[in-house]
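Same chain, two forms, each on its own as structure tokens: structure 1, then structure 2.
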Structure 1
Amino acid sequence: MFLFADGAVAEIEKKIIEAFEVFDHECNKTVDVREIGSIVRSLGCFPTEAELHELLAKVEEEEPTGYINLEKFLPVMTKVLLDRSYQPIPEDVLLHAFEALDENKCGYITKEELVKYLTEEGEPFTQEEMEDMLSTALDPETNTVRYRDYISMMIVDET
């Protein structure tokens, strides 16, 4: 565990509060529990659904209300950011995963193949997640995903 200067922690907490406030529509230091994933991702963290549920278990009230309070969220999310948890998957790992699905080694995957893999295997995508991905990834002329291009669009710049 690294030791952080108080200023660094204060800066992290400020970022968390700012992200939280975007979704605090009532301005009462609470957000809808369904917004937590968006807040976490806006802070550069990319947990799986299972990891997101674990995080929610730490910040929800003992009697769930459907809302998350900033005072419970802030220390948990500060630790997540300090520990650099839920980092994005590296580019080479993504490329290897797509190449494994590309049985013909042609540099693309058809829409049908991708939908099948992502909705029937592993941690399945929801319909909304699938539509979001296809709206970005799919080449409408060929109905395929050229995965090297897609990975280039997805990569988070660490600078």
Structure 2
Amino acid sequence: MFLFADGAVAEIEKKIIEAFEVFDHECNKTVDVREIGSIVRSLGCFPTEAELHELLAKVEEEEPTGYINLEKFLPVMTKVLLDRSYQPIPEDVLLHAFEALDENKCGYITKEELVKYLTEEGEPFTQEEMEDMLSTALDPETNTVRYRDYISMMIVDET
């Protein structure tokens, strides 16, 4: 068990408040419930959709208003960060995931295959999400996704 100095907790809380305020348009300490996913992720966490729903249940009002208050969000999110929940996905793990979908180990996945997996399995993509990923990932000449290149490109953009 780690013991955190008060300073560290205060710093974490400030980080959370900052991230919250980016989405708080009217500066009144509330955000639209649909933005919670973005806020949690902007703090470096990788929750699945299921995990997000769990988190939402903890921060929503008894009568859901469509808005989340900072007051409720802050302690819950602080605990998330202190517990290091929703760990990031390292680059190599991501690579293995793509490789798992690449049955023949040829270094690419066909568009059809990828679409099938991502829109039918796991926590399926919406049409919009799928199209958006393809717009960056797909090599239009071969109609395939060369995943190593795609990953490198996305990681570079991040830094």
Partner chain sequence: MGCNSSVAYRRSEKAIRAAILIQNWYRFTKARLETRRRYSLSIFQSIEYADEQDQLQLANFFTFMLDHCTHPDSVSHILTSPGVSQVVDEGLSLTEFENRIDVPDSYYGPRLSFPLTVEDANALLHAFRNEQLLHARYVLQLLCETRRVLKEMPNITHLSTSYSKEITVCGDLHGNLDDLLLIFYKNGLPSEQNPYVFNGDFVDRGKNSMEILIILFAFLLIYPNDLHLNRGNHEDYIMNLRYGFTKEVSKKYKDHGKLILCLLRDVFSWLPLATIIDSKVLILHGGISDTTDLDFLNALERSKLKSLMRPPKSVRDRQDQLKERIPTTRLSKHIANQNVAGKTQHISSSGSTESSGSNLPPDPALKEWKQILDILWSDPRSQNGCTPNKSRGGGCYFGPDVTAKLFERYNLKMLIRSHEFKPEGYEISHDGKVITIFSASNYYEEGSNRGAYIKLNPELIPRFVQYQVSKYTRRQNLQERVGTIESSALKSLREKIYAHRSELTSAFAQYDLNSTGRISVSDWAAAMESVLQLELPWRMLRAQLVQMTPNGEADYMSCFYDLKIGQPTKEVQPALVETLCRYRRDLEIIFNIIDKDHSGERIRIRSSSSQILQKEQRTIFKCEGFPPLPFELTSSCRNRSLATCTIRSTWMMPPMLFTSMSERNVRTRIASTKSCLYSGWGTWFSTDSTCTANLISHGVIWQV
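We call the rigid core the largest set of C-alpha positions that still match within 1.5 Å between the two forms. Here the structure is a predicted model, which is why all the values come from computation and not from measurement. Numbering for residues begins at 1 and runs along the sequence of structure 1.
- In this pair, the copy labelled structure 2 belongs to the form predicted in complex with the partner chain.
- Comparing the chain between the two structures, the rigid parts pivot at a hinge, and of the candidates Asp132, Pro88, Val22, Ser42 the one placed there is Pro88.
- Relative to the larger rigid part, the smaller one has turned by 13° between the two structures, according to C-alpha superposition.
- Core-based alignment between the two structures gives a C-alpha movement of 2.4 Å at Ala97.
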